[in-house]
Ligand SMILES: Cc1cc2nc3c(=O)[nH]c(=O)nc-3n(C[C@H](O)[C@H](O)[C@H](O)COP(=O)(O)OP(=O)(O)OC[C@H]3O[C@@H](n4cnc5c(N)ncnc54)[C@H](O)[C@@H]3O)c2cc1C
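A single chain comes next, written as structure tokens; it is the form predicted on its own.
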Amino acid sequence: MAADTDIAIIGGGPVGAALALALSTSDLRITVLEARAERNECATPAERARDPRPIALSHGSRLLLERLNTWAGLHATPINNVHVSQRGGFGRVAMSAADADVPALGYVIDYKELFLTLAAAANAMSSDYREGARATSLTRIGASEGGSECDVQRIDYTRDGVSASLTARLVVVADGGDIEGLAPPKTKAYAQHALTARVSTSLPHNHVAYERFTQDGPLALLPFENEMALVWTLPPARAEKLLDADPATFCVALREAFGSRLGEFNSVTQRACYPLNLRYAVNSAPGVITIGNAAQTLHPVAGQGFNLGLRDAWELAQILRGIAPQALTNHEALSHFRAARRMDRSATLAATHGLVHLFSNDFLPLHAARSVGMTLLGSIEPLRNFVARRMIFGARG
């Protein structure tokens, strides 16, 4: 059966846009469906301030963005050192870019800027980038005998209040995933909220990122321009209370949880709060692949979510570029991608999930064991650098 497009990418956010860019020089016809219609409406500083989420990029992600010719225009704050500690326990881990032999361990960037940059680049390279198009359902049509393969997928979507559809040989769901016809993801609630904010400190950050494990959950402070970007994991009731607390009360609570390495916390702005869930896709249907947030949504500890999604997009593009359009409907032809990504996805998911449980337990013997483990990790350079490279380049780094 003839298809309107070879590959339909549902979700034109950073991961979906990166995939479209990586495929832009291939002979494949690409259509991007992006639910947001705000790309041209949110380019002003005032609009960006309404969505102030910082995002941590690894050095490995920088290399991929350079290959996509989108890095040069981004305003990124480098992370030269990472300091990991636990409240009330001894032992710490200090990682440096120099020890890992990279110019920076990572970078902090405004999410909105990243989205705008990648979406604009993908739109410029694609003649079929549909903004304001929200996918609602997927339907297999033209199935071959035996049912192991299918000819095309029909995507129903709405745009400007009008229902429409298109057919594609392959559908890549890169964002969301709440679409009829797509198997619902497995979900586990962490019973925690992430409180995010921008905070100013009396001491300069010197491009050091901090991850501090507390009884409530991990607390991350990332250098972001001249301030620090805060991601503070808390029980829901306390997160909501601090969300509404006056700035002085908030800063005192943060100082008590974090300590004095940055001196005093002088101000807090752009507070937001959202619940945390582990979410990962089950087996995709023939002709459908999930990547990015549609494949897995991780706890923010260690800041691995977007980096994992970007690696998904890059590796999928390398595989698809070598497949003839008519072979895209062959389910077995895409099994290589799922196998290639299995180790990185599983290891990153297990590491972030395990860290949350390991450091959110105040059982005294476990607390002591954590302190010993952090002391050993901090003092054994080859082991420390091994962990750093896995954070930079993924499980196969």
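What you see is a predicted model; the values in this text were computed from it and never measured. Counting begins at 1, following the sequence as shown.
This protein has a second form, the form predicted in complex with the ligand, left out of what is shown; the following refers to that one.
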Just to confirm, R255 within 4.5 Å of the ligand in the predicted bound form by heavy atoms?
-> no
Does the ligand come within 4.5 Å of any heavy atom of S85 in the predicted bound form?
-> no
Does E227 reach the ligand in the predicted bound form if we count a contact as any heavy atom within 4.5 Å?
-> no
Considering only heavy atoms, tell me if T290 and the ligand come within 4.5 Å of each other in the predicted bound form.
-> no
Interface check vs the ligand in the predicted bound form: of D175, D110, E211, E315, the one with a heavy atom inside 4.5 Å is D175
Which pick from A194, C251, L105, A76 sits with a heavy atom within 4.5 Å of the ligand in the predicted bound form?
-> A194
Pick from 319-327, 239-247, 164-172, 128-136: which stretch has non-hydrogen atoms within 4.5 Å of the ligand in the predicted bound form?
-> 128-136
Which residues, if any, of 13-33 lie within 4.5 Å of the ligand in the predicted bound form when only heavy atoms count?
-> G13, P14, V15, G16, L33
